[in-house]
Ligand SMILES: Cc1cc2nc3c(=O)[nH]c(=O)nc-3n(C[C@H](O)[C@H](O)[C@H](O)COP(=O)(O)OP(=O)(O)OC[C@H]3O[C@@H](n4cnc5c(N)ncnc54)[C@H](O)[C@@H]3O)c2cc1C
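Taking the form predicted on its own, here's one chain by itself in C-alpha cells.
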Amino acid sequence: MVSDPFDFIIVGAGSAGCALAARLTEGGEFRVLLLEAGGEATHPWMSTPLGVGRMLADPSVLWAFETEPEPEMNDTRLFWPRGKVLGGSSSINGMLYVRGDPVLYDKWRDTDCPGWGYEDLLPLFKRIEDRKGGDPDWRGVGGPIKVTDVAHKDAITEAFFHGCQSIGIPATHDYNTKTYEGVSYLQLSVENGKRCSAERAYLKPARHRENLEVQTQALVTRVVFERGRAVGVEWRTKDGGLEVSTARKEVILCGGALCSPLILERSGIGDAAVLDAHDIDRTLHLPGVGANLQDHLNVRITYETDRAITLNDALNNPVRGAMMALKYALTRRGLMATSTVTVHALMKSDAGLSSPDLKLQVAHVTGKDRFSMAKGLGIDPWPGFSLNAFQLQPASRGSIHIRSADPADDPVIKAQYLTDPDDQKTVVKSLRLLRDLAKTPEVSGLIKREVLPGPDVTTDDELLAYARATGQTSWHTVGTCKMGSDAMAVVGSDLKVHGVEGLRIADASVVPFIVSANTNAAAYVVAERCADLLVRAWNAPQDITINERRTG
C-alpha cells in the first residue's frame, strides 16, 4: 500500500527526529510524516529522573543491543541499550545537559564543514533551551528543553566539588558557555523534578497539528529510490504488513548513530563488501557508512562510606526508600530527582593540552555494574559511592553493520574500546586521578574503604586489566555517518548524503568526532540546523529563526 505523499518523511522519533518534526511543522507549510519503530512514551518510570534504572531493565522501551565480543575487554559482549520509544534515548537517558567544548565544534567546522563552528551554532543552542538566570549572551530562555540545576546536593556532592579544586581543577559556574573546563554542579534536562525529553518538549506540543502525522510501531525497512533520488520509505507495520510512504521533497534519517547506518545499508548504500555479503542490491558504494564508531568508555572506583545517604541505603532499607520517595513527591528534590550523578569535572590531564580530555563524576550508588543494578541485582549492601571517569576524545574507532537484510536482526557492533595504545594509557591515568581525588581531605573523610579495584591493584598493568574487566558504555556513540568531504564521509555540511538526491541525515551519526562529554544536546543542535537548512532550501515563507529573538 502506498500512502498519500508527504513533503518530508522523518525516520526515527528520537531526540533529533522529534525536534525536527516540531520545527518543520511550526508554520503549516509542510506536511510531515514521523515514523518511530517503538511505542508511545508511557512507561510509568519515564518522567522520574531516577527511573532510568527501571527502564534499563525493561526491553519494551529498548533496543537491547549488545556488542560483539570485545577483544580488548576480555572478549566480553557489552550491553548497549538505546531508547525504542517516542523521544528515543532522551526518554531513558541520564538527562545531563552538556553542549560540549567550543574548541571541538570549531575543529568540526575546520574539517571542511562550514556552518558547524560554535559561533555558528550558538543561536541554535539558545533556541533549544529554557535556562532561567543564565548569561543572555550565551544562554537561551523560552525554548522547549528546560535546563535546570541538579536538585540534590549532599556531603558526597560537595566533597567531590571541593576535592576537585584541591587537585587543581578550577570551578566553573556554567560549563554551557565559553568556559567548558572545570568542576561544576550538573545541569539536567529536567522541569519541576520531571524528565524533559524530546517527546515531552518538542513532540507533544506539536502532535495536534494537522500537518504532522506520527506513526509508532513502524519499523523502516529501507529508503525507496527512483533514478538516484529518495522518494519515500518502506516500513513494516505493527501487524507485519508493509507500507510505502512517499515524500515530495526529502527523506531525513534520524535513527541515531546506531540505527541510521543500518537503514542506509538495507537501502543499498554502504560499503560494497557489506552489501554484497548480504545480497543487497547496490544503490551506492559509500564505504564510510557504519565506520568511525566512537563512544566513551566509563570506568569507576567504588568506595564504602560511613554516610547513609547513598542510593544503596534507599534501595536496601524500606524506611529510607520511603523517605526518599516522600521527599521527591513533596519537593521534587533529592536523589529521585537525579540519575544518581550530581556533579562533574571536565579537566586536562596535561597542562599542555588545548582542551579538556577527561571527565570525572560521582555516582551515589555502587554494585556489580550499572546494568545488574538496573535489574535490581548487585546493589552493594553497604553505603557506597563511585568515582567515575572517561576519556573525552578517544582515538579507538569501531563499527556497526547489518547482520542480515532483515531489519528485525540485531546489528554487528564492534566498539573496539582500548584498541588504541594512547587510550590504554589514558584510562590508566584516569583511574590514578580518581585515586588522587579520593585522597583529598574533602573526599577521604567520607571513605571507609576502597572496594573496587581495591588497594592492592596498583601497577599500570593491573589498572588496565581492571578497566578491561569492568569498563562500560556511556551511551555516547557518534560518527557512523560522519560529515565531511573525504573518502569516508557520508554526508556533507548540508547533511545531504553524498551521491544521492533527496536524502539527509540529522542525528548524532553525522558528528565526525565526539564534541561533548554528553551527546544529547549535540543531537538537538544537529536537528535544529537541519530544520533551518530545509526551510531555506525549499523557500518556505515561514521564518524559523524567529525563535532566536524569542529565546534571547
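Numbers for residues come from their place in the sequence shown, where the first is 1. Quick caveat: nothing in here was measured; it's all calculated off a predicted structure.
Beyond what is shown, the protein has a form predicted in complex with the ligand; the following relates to that form.
Remark: M73 does not count among the residues lining the ligand in the model of the complex, judged by a heavy atom distance of 4.5 Å or less. With a 4.5 Å cutoff on heavy atoms, I280 does not count as touching the ligand in the model of the complex; it lies far away. In the model of the complex, A218 approaches the ligand with a heavy atom inside 4.5 Å. Remark: G256 counts among the residues lining the ligand in the model of the complex, judged by a heavy atom distance of 4.5 Å or less. Contact with the ligand in the model of the complex, defined as a heavy atom within 4.5 Å, holds for exactly one of L35, V500, M483, M46, namely L35. Proximity to the ligand in the model of the complex, defined as a heavy atom within 4.5 Å, singles out one entry of A415, I92, A467, A159, which is I92. Look at 141-149, 384-392, 321-329, 257-265: in the model of the complex, residues with non-hydrogen atoms within 4.5 angstroms of the ligand sit in 257-265. Three-residue candidate spot F6, R209 and S245; no residue lies within 4.5 angstroms of the ligand in the model of the complex by any non-hydrogen atom. For the stretch 74-93, the set of residues having any non-hydrogen atom within 4.5 angstroms of the ligand in the model of the complex comprises P81, R82, G83, K84, V85, G87, G88, S89, S90, I92, N93, in sequence order.
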